[in-house]
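A lone chain, given as C-alpha cells: the form predicted on its own.
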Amino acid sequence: MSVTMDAKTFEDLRLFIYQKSGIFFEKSKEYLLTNRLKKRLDALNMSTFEEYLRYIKSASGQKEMTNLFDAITINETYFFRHIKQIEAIKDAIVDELLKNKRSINIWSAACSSGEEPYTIVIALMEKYGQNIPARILGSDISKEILDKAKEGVYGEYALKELNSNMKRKYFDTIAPGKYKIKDFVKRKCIFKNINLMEERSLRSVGKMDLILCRNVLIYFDSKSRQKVIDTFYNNILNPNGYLMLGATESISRLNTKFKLCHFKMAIAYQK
C-alpha cells in the first residue's frame, strides 16, 4: 500500500523543515518531499508521515535530523561547474584579495560532495603550484554528503569538464570510471557540518575573504535569503571580501549593502 501525505501534514512538515534549515518546499513540490521521505519511513518501519513528524519533533528523534537533511538536500554537481565564475575567481578576485594579504580564506558554503572546494584548489594550483595562497573550507548541512567529500571518490560525470591531462594530474584512477582526488589536493580542504540557518553553527566558520554560495539560496524563501546574506555581510566576510552566487542567481531584490562587481562573463558581490 502506497503512503500518502495529507495537506495538513505537508504544511506541518514543510514548516518544521523551513524552521530548521531554511529550505522551503512550495506546494508544487509536495510530491518531491513525499518521495524523498518515504525512504525514511521504510528505514524506521513507520506507516504514516504523521508518525514521522511526531518522531522528529520528539527528543528521541533528534538523531534523525541528519537523515532528514540528507534526504531533502539536492546534491547534483560536478568539477568546474560554471567555468566562467571559476576563471573570474582565479584570474581576478584572488589577485585583488592578495594585494593586501599573503593568504586568503575561501568558504564553499553547501559544498555537497566536494567538487566545488576541490575545483577551487585545482584552479589555484594551476596558477600558483601546489603551495596555493589560500585556505579552503567546504561545508554542508548533510553529514552523509560531507563523508563523500572527505573520501574524494568520483565518477565520470563529475569529471566531465576535465581533459585527460587534468584527470591524470589531480586524480588517481581506482577502477574503470572511478577517480580519487589526490592527497595533495585533499590536504588543502577542510570540511565542516554547517547549517546556514543556525547562528551557533555559523560562528565556527570564522572570517572569510571569499564566499561561494552557488545554487543554494534558490531553495530558501526571501526571509531566509535575507538572513543568510546579512550574516555573510555583517559577521563573516572581511572588508572588501567577495560573495559569489550561482550563475543565474541575484540578490538585487534584497536589502543589502553589497556592491555588484562585473568580471568577464561573471558577476560577484563585494563588501
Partner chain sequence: MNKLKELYDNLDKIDSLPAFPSIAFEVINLTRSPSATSKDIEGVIKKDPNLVSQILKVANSSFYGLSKDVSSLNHAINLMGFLQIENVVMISVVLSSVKKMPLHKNFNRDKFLEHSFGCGVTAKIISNILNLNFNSAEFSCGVMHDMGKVLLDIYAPEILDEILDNAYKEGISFYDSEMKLYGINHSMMGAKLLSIWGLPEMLIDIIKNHHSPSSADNRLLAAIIHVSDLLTYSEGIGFGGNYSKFTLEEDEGWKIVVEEANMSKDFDLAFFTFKLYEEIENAKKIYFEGF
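Positions refer to the first chain, counted from 1. The shown structure was predicted, so the numbers you read here are calculated from the model rather than taken from an experiment.
Below: the form predicted in complex with the partner chain, not depicted.
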item: Option from 83-91, 140-148, 155-163, 123-131 whose residues, in the model of the complex, bring a heavy atom within 4.5 Å of the partner chain; value: 83-91
item: Interface membership of Leu15, the partner chain in the model of the complex, 4.5 Å heavy atom rule; value: no
item: Non-hydrogen atom contact Val3 with the partner chain in the model of the complex at 4.5 angstroms; value: no
item: Proximity of Gln19 to the partner chain in the model of the complex, heavy atoms at 4.5 Å; value: no
item: Lys8 within 4.5 Å of the partner chain in the model of the complex, heavy atoms; value: no
item: Candidate spot Met65, Glu198 and Lys223, all three touching the partner chain in the model of the complex (heavy atom, 4.5 Å); value: no
